[in-house]
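Heads up, the chain below is alone and in the form predicted alone; it's given as structure tokens.
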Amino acid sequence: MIVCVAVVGHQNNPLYLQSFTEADDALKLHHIVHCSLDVIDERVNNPKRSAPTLNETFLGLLYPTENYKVYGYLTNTKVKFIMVTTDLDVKDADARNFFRKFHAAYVDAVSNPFHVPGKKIASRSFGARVSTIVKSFGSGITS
């Protein structure tokens, strides 16, 4: 089950963060998302990266915690997508499919002529679409 998703701008500014648990866990999940930015920066700026991984957008498992697993995705414009899940056996194909849908929803949201680039995403339709994607995670449902 996905407990939190986030979109973080190229300057590590939060653009969207939504948790899908009780309010008690929200602060802990915000902290996990913030900590994952260091892992993403480390992977992206690693000079020993091989040629096939240089253009890979899916970063895979960033790190596991005691109760969660954190996955990452990096766009060509350095916007970061983060997913925090309680599932201990998430398939890479499922995670890739989730990020592909999440990225498409993000592109649609920022393509709105009324959206100001670099500002938080406040679109209700984006939030509803993300919730639908999160609910269908791992079930094989396409949306």
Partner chain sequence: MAIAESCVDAVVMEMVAVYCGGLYAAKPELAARRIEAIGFQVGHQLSERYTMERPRFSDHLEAIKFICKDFWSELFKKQIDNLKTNHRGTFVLQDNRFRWLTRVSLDPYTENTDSTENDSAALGDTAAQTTTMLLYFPCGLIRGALTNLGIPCSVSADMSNLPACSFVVRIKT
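Positions refer to the first chain, counted from 1. Since this is a predicted model, take the numbers as computed values, not measurements.
Missing here is the form predicted in complex with its partner chain; even so, the following discussion is about that form.
Trainee: Looking in the model of the complex, any heavy atom of Leu61 within 4.5 Å of its partner chain?
Mentor: Result no; Leu61 lies far from its partner chain in the model of the complex.
Trainee: Check Asn97 for me: does it contact its partner chain in the model of the complex (non-hydrogen atoms, 4.5 angstroms)?
Mentor: Answer no; every heavy atom of Asn97 is more than 4.5 Å from its partner chain in the model of the complex.
Trainee: Within 4.5 Å, heavy atoms only: does Leu88 come near its partner chain in the model of the complex?
Mentor: Residue-level check for Leu88: no, no contact with its partner chain.
Trainee: Heavy atoms within 4.5 Å of its partner chain in the model of the complex: does Thr77 have any?
Mentor: Yes, Thr77 is a contact residue.
Trainee: Taking its partner chain in the model of the complex as the reference, which of His34, His103, Lys28, Lys69 has a non-hydrogen atom within 4.5 Å?
Mentor: The residue in contact is His103.
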